[in-house]
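Quick heads-up: the structure tokens below are two forms of one chain, split into structure 1 and structure 2.
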Structure 1
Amino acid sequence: MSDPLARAEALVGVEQYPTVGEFPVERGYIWTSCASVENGNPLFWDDDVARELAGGPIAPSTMLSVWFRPHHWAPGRAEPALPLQVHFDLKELFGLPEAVMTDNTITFYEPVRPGDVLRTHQVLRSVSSEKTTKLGTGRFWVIEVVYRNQADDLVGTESYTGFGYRRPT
């Protein structure tokens, strides 16, 4: 298939890039994240409160994607890992050097807990025809990222709308 749009449309609905987190969820990351924004919620700091409210320690929901932000370097990795690889694939497929995310929606399900080893995959949901905006000419796409824990419980989904484009000459 040589037509880039047809190649992209063939990937709509297909699970891509299944990935297991490089490290288990851990409290040091949770506390550092909370400290960085001065989040003093006892749910994240006090084991008794966490046990009473959530059945034990949990990570803030907003940290969902943190567990998949790859380290730029890791032993044995030949190339730097990129988050949201489908987005970069689409930029390359369509020859679009620039891109922005125009929307992000996160839905939370089961809480993420210390010790969880999460896994994820990406699904292209749609690709638009060519559009011209103030930024340039390109395409919009929607990518869904699905997160599950080691027990296969759904812990969250993220939906990203991106716009890849070429600036006007």
Structure 2
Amino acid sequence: MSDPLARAEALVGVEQYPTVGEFPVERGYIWTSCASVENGNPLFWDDDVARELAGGPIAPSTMLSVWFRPHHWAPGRAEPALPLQVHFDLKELFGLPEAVMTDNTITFYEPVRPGDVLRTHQVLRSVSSEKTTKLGTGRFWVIEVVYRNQADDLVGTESYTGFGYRRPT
């Protein structure tokens, strides 16, 4: 199966690059994140409010991907897979040197809590036929990143639309 489109289409719906977070979700990072944007939501700072509304402390929803960015260095570690490895695989498969992400949608399910150990995988959802835009000629693809906790509850999904292309010559 050497046709790149057929090879890409064979990957649609396949779970790829399963990864476990390098550390459990922790409150220190939650507070660092809130401090970085001056987020004073009592849900993250007041344990009584957190207990009453959410059954205990939770992480800000948009921190979902934070728990998967690898340490800058770790002893004896091989190069980790990139967070959107499927995107880079598609660029290589189609021989498209440039790429942009056109939009990003995050959907939030069960709240993420301190102590959770999250895991993720990537799924290619679709690949378009060849298109020409003002950037160049290439293909659009949609990649979904799925996040689950240690109880296998779905905590979120991220959907990225990428456009891999070659500049006009």
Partner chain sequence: MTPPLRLLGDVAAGHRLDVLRYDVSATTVVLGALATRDWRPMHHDKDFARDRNGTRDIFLNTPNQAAWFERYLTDWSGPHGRLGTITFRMAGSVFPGDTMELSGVVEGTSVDAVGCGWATVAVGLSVDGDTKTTCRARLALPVSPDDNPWSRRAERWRPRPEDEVG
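We call the rigid core whatever largest set of C-alpha positions still superposes within 1.5 Å between the two forms. Note that this is a predicted model, so its numbers are computed, not measured. For numbering, take structure 1's sequence and count from 1.
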In this pair the form predicted together with the partner chain turns out to be structure 2
* Asked: Any chance the CA of L93 moves 2 angstroms or more between structure 1 and structure 2, core superposed?
  -> no
Once the two forms are overlaid on the core, the CA atom of A74 shifts between structure 1 and structure 2, in angstrom, by 2.5
